[in-house]
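Just the one chain here, laid out as structure tokens, in the form predicted alone.
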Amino acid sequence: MFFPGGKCYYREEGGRMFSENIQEKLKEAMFHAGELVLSARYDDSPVHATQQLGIEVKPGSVNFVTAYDKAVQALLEDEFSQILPEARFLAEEDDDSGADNGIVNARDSLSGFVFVIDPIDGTTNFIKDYRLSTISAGLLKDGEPVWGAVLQPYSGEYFHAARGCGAFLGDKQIYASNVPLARSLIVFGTSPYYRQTLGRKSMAAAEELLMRATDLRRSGSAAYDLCTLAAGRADGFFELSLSPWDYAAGGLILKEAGGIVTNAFGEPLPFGRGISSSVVAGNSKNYPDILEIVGNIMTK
């Protein structure tokens, strides 16, 4: 196992594999960001809430950003830079100006260390005080995920993994399920930013899976959904368009838990600015069926 500042080894008293030093510092930064999310205050006035949260509308359908998204990202970039100074950043709320500021832009390679950050995955949930949003951070080395963490600040759940070391929820190792599609709980995303082009396809895939699986769930956070698969709480996932910061951490956590995650055509998930991808995930028994259903609908 490769990991900067530490190594992956077996600790008998905990019975788990982990990489030391840096992971603890990264965890501290993630929880600092969680405290910032929890500091948001709401009242009963939608106008007041809009002003308090600093809501802005980005290009695309129902695509929002808040002052808290920006603040969480700035906090993580600052603290992560102190932990791993040579790392660059690929994050949802960074611009693509091409300036020499440590931000990966569309023309950059992914050589070296790159943190991939979604400061608040589930911004609409956050705006509505739905209390199911996550902070997601992955670390790439030469374009390959080597570490990932997803924090659900409202519950305090901290999912994390380092390549080759397994996946964990807090100190407990977690594992993906091994059930067929007929016994699977499927979680999914609706790609709401692209509802005009992907909305009906998303619903068609969901309908087909509902007819063949146990049931469906929708959380509003793809990073959290992938972690529910890693923990065996759910069994399959799909969304027709996501960005790298949506799946960088959750995808690694799921793979380290024994799950499978690809695009809708069975290919590895891509990384880079300006990239989007379909995502299909499951276990060794249900993944082929989920992939077939979603892939067929994507090509219609």
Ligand code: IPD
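All residue numbers are counted from 1 along the displayed sequence. Everything numeric in this text was worked out from a predicted model, so none of it was measured.
Separately, the form predicted in complex with this ligand exists; it is not shown, and the next lines address it.
Tyr193 belongs to the set of residues with a heavy atom inside 4.5 Å of this ligand in the predicted complex. Asp235 falls outside the set of residues with a heavy atom inside 4.5 Å of this ligand in the predicted complex. Though the partner is left out of this view, Ser177 does not reach within 4.5 Å of this ligand in the predicted complex, counting heavy atoms only. Residue contact check for Glu92: one or more of its heavy atoms lie within 4.5 Å of this ligand in the predicted complex. A heavy atom within 4.5 Å of this ligand in the predicted complex is found for one listed residue only; from Leu229, Val150, Ala161, Ile120, this is Ile120. Only one of Met30, Val261, Ala257, Leu242 lies close to this ligand in the predicted complex, with a heavy atom inside 4.5 Å, and it is Leu242. Look at 166 to 174, 199 to 207, 185 to 193, 74 to 82: in the predicted complex, residues with non-hydrogen atoms within 4.5 angstroms of this ligand sit in 185 to 193.
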